[in-house]
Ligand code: TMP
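Listed next as structure tokens is one chain, alone, in the form predicted on its own.
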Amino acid sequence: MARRKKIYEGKAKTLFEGPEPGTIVQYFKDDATAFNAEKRDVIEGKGVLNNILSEFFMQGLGQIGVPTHFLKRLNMREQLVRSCEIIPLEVIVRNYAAGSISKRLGIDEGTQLPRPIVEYCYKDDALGDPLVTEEHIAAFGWASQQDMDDILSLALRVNDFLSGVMLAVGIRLVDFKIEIGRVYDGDFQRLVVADEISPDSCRLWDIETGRKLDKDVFRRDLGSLTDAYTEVARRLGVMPNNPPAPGKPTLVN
């Protein structure tokens, strides 16, 4: 499709004006970042895999009645989404200890948590996306109490869906993060799952071997990130027709 006006460029995606009012074209880049962008690289084909995997997860959520901003995939790197007002929070759901919660609380990585734990971080790269409580969220007006009730419900429904999908293909959903957006229909507001759901935003471990199939491969220099993401796509049955070859440029629409 014809290139439109750029609205925003982030670490992993670029947003463009959509073809219709209230729509946005979301372009998935090959850029990989970690540690608040202190570590960065370009991983050929990563954007293609994340686009296709995010489409798979968003469509699956839609089929079980979880509202998302996703409309359709346009090509190998772009998808059409609803324009929405992003609530400035990262919503993190943890099923097993890993990453920052292990460091903060001294829990061994891989320890199953007594129940899914939902955490919130304030979206601000300059501050390092600090952990915040519902008290902070209410005090600074980022979301209402009703919003928070709805966000918690959405997060746990996404967790149930993703956990089941991954378990069926031998992958443990350790944790994930999502963003939530507000969509307005006149005076009526509803919350939707926005941004993306992909191995960039999840921790995924092979159940049998513990092999990491997510961005920790890049963070910890554990091998080929493309190979890890390709394995997730292969198990889920959503490999692209012309899968990206590691280390080689990929021609896209």
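Just so you know, these numbers come straight off a predicted model, no measurement behind them. Heads up: residue numbers just count along the shown sequence, starting at 1.
The form predicted together with the ligand exists for this protein as well; it is not shown, and the discussion that follows is about that form.
Partner proximity in the predicted complex, defined as non-hydrogen atoms within 4.5 angstroms of the ligand, places exactly one of 67-75, 141-149, 84-92, 163-171 at the interface: 84-92.
In the predicted complex, the ligand stays beyond 4.5 Å of every heavy atom belonging to residue 29. Within this chain, residue 176 lines the site of the ligand in the predicted complex, having a heavy atom no more than 4.5 Å away. The ligand in the predicted complex comes within 4.5 Å of a heavy atom belonging to residue 99. The ligand is not drawn, but in the predicted complex it has a heavy atom within 4.5 Å of residue 219. Proximity to the ligand in the predicted complex, defined as a heavy atom within 4.5 Å, holds among 202, 194, 43, 213 only for 202. For the stretch 123-145, the set of residues having any non-hydrogen atom within 4.5 angstroms of the ligand in the predicted complex comprises only 129.
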